[in-house]
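The form predicted on its own is given below as one chain in structure tokens.
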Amino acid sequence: MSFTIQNVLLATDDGYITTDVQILGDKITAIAPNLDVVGTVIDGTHKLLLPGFVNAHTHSSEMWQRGLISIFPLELWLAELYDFAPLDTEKVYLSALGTAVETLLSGGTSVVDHLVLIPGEELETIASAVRAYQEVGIRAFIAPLIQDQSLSAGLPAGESTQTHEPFFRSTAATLELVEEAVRQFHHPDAGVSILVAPTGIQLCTDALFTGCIELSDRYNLCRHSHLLETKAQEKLAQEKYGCSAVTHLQRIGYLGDRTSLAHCVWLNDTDIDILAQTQSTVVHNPLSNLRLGSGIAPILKYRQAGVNVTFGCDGASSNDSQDLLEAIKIGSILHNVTDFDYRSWISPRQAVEMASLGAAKGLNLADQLGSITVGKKADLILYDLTNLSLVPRTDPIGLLVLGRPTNVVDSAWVNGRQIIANRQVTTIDVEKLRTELFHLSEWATNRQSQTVEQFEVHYRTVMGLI
């Protein structure tokens, strides 16, 4: 498809210009006023064109429990999540559709799905998510969530002696599973990429991490993981390694310019220097960090040290939303209370760059995505600046990032293909999706998790709450 967006507002270094943007196939081919029309004409009058953002860390299937899980810290929250995970492949498919649609309608053209796998149906789980993302047309980076230790191993032992049930699948079998997923589903040119993605140091052995490094190097895959989301994980790392988790991951070779790390709340200054030196990317998930009481990641310190930072929504039962604009807003202004020097605070324009180019860097695609540049892929979002939530007219990006924009995405293109037009997703029937999500779910409250009951006393003990 080829098209020309006429009279559209583009951001410059210090302001805005009104110009035309020409797309041939999947690439931006020209940016200038009064271009000759190529293909379909898109009226950009009173509209703002930005590169598509990336929802750089989420777990799509958590959608089925959003608004439901108790007010717990991560370790107990996970115990409840897994006790009541009502997963089947049809629900995986529908929640991936929902995640894609919500991401698109809040400015995202790509999603990194740290996908929870159904035991015994792992490849079918991935296939269901792939099918959903391809039907919608969003660019998908599927990171099958893997571990080789049982859930109880994620808690620090403290002064007690702990024994853990073996994980149901061996390390070798898990790595074979990831490799088979790469063979079947890794098709970047078709908009689907597989990442190696051990869940984190809390539930993974070094053998799993080093196996993922080998797969990453052999198939040129990006790497993803949670990192030091909670104070409990900081304590656990000291028990397991006798050093920081960041130092350990550097020693075994997991960090690098193809590695993105979700959360990164409990890092010290040495850790931050290591992330900068290795060119690793931090994915900031402010809403889930607040929801789970994990803490406030020192994002301003990261940026001052030269660490690449981007944004994620996290899963829809730890954030309870997939509104990327909300995550960008909170992830920007939250840090105005962590550093008195306002000159280091994140501006709306910096937030937009973090959400687009910052994410592209973390996915090793900065040469293809993340900015409106001739030669880059046409992953674009067109915002309607006449929308009630974006008026009166002031600074368009300021309104978008600092305001509460609703229904402001007029059009969206991924790889040059239009998938939102006139505020409507054109590739799937969103009303049918809404109906299916409603009828396959039910109102639920006051449930009791047996695993939480088993974990809670030990958790409170090692965290000094007893």
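From 1 onward, residues are counted along the sequence shown. Fair warning: this is a prediction, and the values are worked out from it, not measured in the lab.
Omitted here: the form predicted together with a further copy of the same chain. The next part is about that form.
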item: Partner contact for G293 in the predicted bound form: a further copy of the same chain, 4.5 angstroms, heavy atom; value: yes
item: Residue contact check: E453 to a further copy of the same chain in the predicted bound form, 4.5 Å heavy atom; value: no
item: Contact of F168 with a further copy of the same chain in the predicted bound form (heavy atom, 4.5 Å); value: no
item: Non-hydrogen atom contact M63 with a further copy of the same chain in the predicted bound form at 4.5 angstroms; value: yes
item: Heavy atom within 4.5 Å of a further copy of the same chain in the predicted bound form - the one residue of L151, I274, V192, L385 that qualifies; value: L385
item: a further copy of the same chain: the contacting residue among N319, T125, T103, Q233 in the predicted bound form [heavy atom, 4.5 Å]; value: N319
item: a further copy of the same chain in the predicted bound form: contacting segment from 411 to 419, 50 to 58, 22 to 30, 397 to 405, heavy atom within 4.5 Å; value: 397 to 405
item: Residues I330, P348 and R393 all lining a further copy of the same chain in the predicted bound form, heavy atom within 4.5 Å; value: yes
item: Residues of 438 to 464 having any heavy atom within 4.5 Å of a further copy of the same chain in the predicted bound form, listed in sequence order; value: F438, H439, S441, E442, W443, A444, T445, N446, E456, Y459, R460
